[in-house]
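Next up: a single chain in structure tokens, the form predicted alone.
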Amino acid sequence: MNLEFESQDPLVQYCLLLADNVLILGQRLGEWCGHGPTLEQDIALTNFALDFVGQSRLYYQYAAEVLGNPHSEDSLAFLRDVPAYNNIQLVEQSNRDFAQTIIRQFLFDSWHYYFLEQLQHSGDERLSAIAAKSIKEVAYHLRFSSEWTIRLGDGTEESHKKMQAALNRLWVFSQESLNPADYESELISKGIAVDLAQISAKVAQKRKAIFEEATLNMPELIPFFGNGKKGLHTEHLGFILTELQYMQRAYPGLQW
């Protein structure tokens, strides 16, 4: 069963963008539970996953309230199909190895922190409150992923090689978070959504500084034609949703 979802409300689409980003990344990080390279990192990544799931609930609850019955946080998370998800394609990329997980995390965190920093000033009080609550967690996420990017990039020859390969592989997805979808642009004009142009310099500066300290070479930017913000996703998302949504689809009516 799929949720019949056709809302074009910009606020709903924006909430789903923010919720889907952290839910899908949280699901990816949850795959490390019991498989981390050390106990400390295993626990850290699992806690990040829990942080993201908690953040996603706040956005889904708001979207469900705007939509009204029969929508709920559960139906929005578990009963939409791939084209109805608005997450950026970066977060759905596979873990592959610890190097790729860390690079993916840093690319996301280095955008997410500055995004939430601005979202705290949103004209929408609900979004502002969610940002103020979430940024405390995300500040630690950014510190963690920055430190591990440096540690592995400027570590052994093998760790450096794997980190550079991961960066080369994921760099194509690094700019989507800074390119506004139509519904974002509409909300930016109303003072609700984050003006991505205002944070792009901070994001670029942070990435440049960390990659330089990690002795990693930033690849050339190449054209990116994917648009997860409009429901266009890589093959990975379907497999993620198959696992994420199994219980709700097998036993309808379950609640978080």
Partner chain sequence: MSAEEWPLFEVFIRSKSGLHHKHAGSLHAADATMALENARDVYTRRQEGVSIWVVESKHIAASDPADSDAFFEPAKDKIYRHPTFYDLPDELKHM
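Everything numeric here is computed off the predicted structure, so don't read it as measured data. Residue numbers count along the first chain shown, from 1.
The form predicted together with its partner chain is left out here; the points below concern that form.
N47 is the sole member of Q61, Q27, N47, S200 with a non-hydrogen atom within 4.5 Å of its partner chain in the predicted bound form.
Here is the short version: of W148, F78, Y113, Y183, the single residue with a heavy atom within 4.5 Å of its partner chain in the predicted bound form is W148. Residue heavy atoms within 4.5 Å of its partner chain in the predicted bound form occur in exactly one stretch of 135 to 143, 114 to 122, 163 to 171, 83 to 91, and that stretch is 135 to 143. At a distance threshold of 4.5 angstroms between non-hydrogen atoms, I43 is in contact with its partner chain in the predicted bound form.
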